[in-house]
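Given next, in structure tokens, is a single chain: the form predicted alone.
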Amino acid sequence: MIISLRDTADRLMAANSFVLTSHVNPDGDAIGSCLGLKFILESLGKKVQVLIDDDVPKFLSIMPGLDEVKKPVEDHYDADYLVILDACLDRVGTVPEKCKAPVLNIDHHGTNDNLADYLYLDADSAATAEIVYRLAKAMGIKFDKDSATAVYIGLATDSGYFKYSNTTPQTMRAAAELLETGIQPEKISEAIETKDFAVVQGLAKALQTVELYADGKVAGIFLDYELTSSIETTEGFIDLIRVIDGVDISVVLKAVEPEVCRVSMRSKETDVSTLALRLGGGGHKRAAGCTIKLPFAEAKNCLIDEILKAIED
């Protein structure tokens, strides 16, 4: 059932215990939204657990409260609500199997499947963290440094530090208010963008796989299982090819298992959310992703075929 922001805030205020989760392969918005909402709810005296069915990327180490993000190792978790942030039900791993509470879904992806018991969706928000910011305002909560830092990181990373097309005046106003708590954006960006030498070496390897298609309209980094296993992280790789002159769609495909590949896509004109949907994923018009359960070579061919069809359309 689709609900309003006010109804979402009221449900959060009326309940006493929550399990918060987000998608596997979590990014800054996923973790920032979960921890930001955790701090907000705890300020109201609520009991909150954050469970993510995947590893948290190292680049988010500056995030306050990161040590409170746990993997779902127990068989059962009690809560008044299971709150899924920045994802729909099919992208959060095993958490819904272990927490049978009513599902409250808070998301900004237009491709959300609307299978949760309650859904608040705002596809015009730059990030789910922007929705968390508005929920805090609706609940009358004042941000402290921890909650502001978490929400700011989600907002900044999902908007490309306010340079992507999803950045709106409302996004900038939210960021400005969060900065008034005393958080330091330069420290945050420096920490997130800092890379180990091994990561830079992995980047050098990845850039050797770059290929262009459709007369230079498509650029891709393609990492087989062996290469993916040798690279600590692929965070930020896609931004290095999306700036190539003439490129509309940029893509990173990595084989995370011998027959499982993860795909990230960005675009300047083409709606990659519909492309991702055809491949079993989802996202936004300008940023989307999916998982293709095929061996690397087959997954690559499948992805390129779908991209070329999208370009032709």
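In case it trips you up, residue 1 is the first one in the sequence shown, and so on. No experiment lies behind these values; they were computed from the predicted model shown.
Missing here is the form predicted together with a small molecule; even so, the following discussion is about that form.
Across the options 278-286, 42-50, 240-248, 57-65, residues that bring heavy atoms within 4.5 Å of the small molecule in the model of the complex belong to 278-286. Not one of 8, 38 and 137 comes within 4.5 Å of the small molecule in the model of the complex, counting any heavy atom. Although the partner is absent from this view, residue 217 stays clear of the small molecule in the model of the complex, with no non-hydrogen atom inside 4.5 angstroms. Though the partner is left out of this view, residue 290 does reach within 4.5 Å of the small molecule in the model of the complex, counting heavy atoms only. The closest heavy atom approach of residue 91 to the small molecule in the model of the complex falls within 4.5 Å. The closest non-hydrogen atom of residue 98 lies beyond 4.5 Å of the small molecule in the model of the complex.
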